[in-house]
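Before any questions on how it binds or moves, here is one chain, the form predicted alone, in structure tokens.
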Amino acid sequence: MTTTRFAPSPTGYLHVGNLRTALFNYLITRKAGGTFILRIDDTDPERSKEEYVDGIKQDLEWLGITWDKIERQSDRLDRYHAAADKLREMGRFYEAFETPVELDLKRKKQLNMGKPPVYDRAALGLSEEEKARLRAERGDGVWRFKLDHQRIEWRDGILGDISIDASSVSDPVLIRGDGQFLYTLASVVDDTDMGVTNVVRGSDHVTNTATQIQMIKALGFEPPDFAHHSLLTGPGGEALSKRLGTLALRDLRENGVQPMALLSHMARLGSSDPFEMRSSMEELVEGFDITRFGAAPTKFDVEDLYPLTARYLHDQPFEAVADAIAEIGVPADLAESFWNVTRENITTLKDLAGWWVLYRDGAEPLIDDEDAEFVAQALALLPDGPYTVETWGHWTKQVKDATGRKGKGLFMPLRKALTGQERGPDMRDVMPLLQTVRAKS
């Protein structure tokens, strides 16, 4: 059975880069009828916070990304200890004591000699006495996985055939000097224990994948199928930072971006398929194909989400937005007509409130000096409300007969006087919604 996972660290709020990884894994699972695991990678007790765990869940629920199981790495430390002990017994795990300064000097020396900056395994030559002395001087060392220096190869679901020479990679640190298990070991143990069959993540993890494949095999398991999606850049090709608030999912939600607009965009961004607005998660699942995505960096512009949100909302029936309309105080007898009149003139649902204020309280009239006398004459002919869909036609005919104005010279000044805007919904439909005409008063 297909099993995937989304494994965020609760050290901050989810952003669009996280979403891409979550969505790809989710769609693969749902298309195969498998299991989707939400795994909270909280092995860092200093930076992991419960508020971020709650935020991750809220963001996924807002998007409609549901999980079948939830796991927390902080509950699984005994499994990581057991795996570490097994690697020690196999001679694949060793303690190293270099300080960051010493490691940096080694790297610089190797680079100056034209060699790759790979850890030189000096710790393997330490005697037990030397290790004891270093522990007494510096405290516990870090624990590194000893790679087999051979080529690590796999068929990547997006990048194709990958081959990495393990001798060009440093033996990865799996346990810090303070005893904290790092992502590389914890992820391997979790993926094997939980039967994960497919892992989709960013292309910046390719080297991690190579080392993890060796670790998985060393522990006696077969690696899952890996796929590495391209990294997102800004619209100008610049690197995205997850610290930018405009890219946090919670901020996109607050700014009125619709979940399906965001999901539809992310489900095709970077693929060879044209964009298609989807109306449901089921449609997204049906149309998803991981092999259609490329390796090149993918440009993402947050501003693209707003016209997509508008497009999505324009197609929504009244029932889908009835609660939002009720919240801004539109009377029940006007609510559906309010939506039908206003829907194509909003970008997000947040815009509805401004339109209702305009209809309820009247707009500040926009009257050009040359039209002031004409507008005053026209408003004197406007009957008192309530108005109907016939009001605009009857009134403008009266004004035309009385003033001789016609066409744009007739209609535009009257629209601006009643709504304070040059553009907007058909005035025939606006009139029944107008509760107050401020220009007339």
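Keep in mind it's a predicted model, so treat the numbers as computed, not measured. We number the residues from 1 along the sequence you see.
The following text describes the form predicted in complex with glutamic acid, which does not appear among the structures shown.
Only one of Arg268, Arg144, Arg278, Arg201 comes within 4.5 Å of glutamic acid in the model of the complex through a heavy atom, and that residue is Arg201. Contact with glutamic acid in the model of the complex, defined as a heavy atom within 4.5 Å, holds for exactly one of Tyr306, Tyr183, Tyr312, Phe318, namely Tyr183. Each of Ala7, Arg39 and Ser187 is positioned with at least one heavy atom within 4.5 Å of glutamic acid in the model of the complex. The partner is not drawn, yet in the model of the complex one stretch among 57-65, 377-385, 39-47, 391-399 has residues with heavy atoms inside 4.5 Å of glutamic acid: 39-47. At the 4.5 Å threshold, heavy atoms of His205 reach glutamic acid in the model of the complex.
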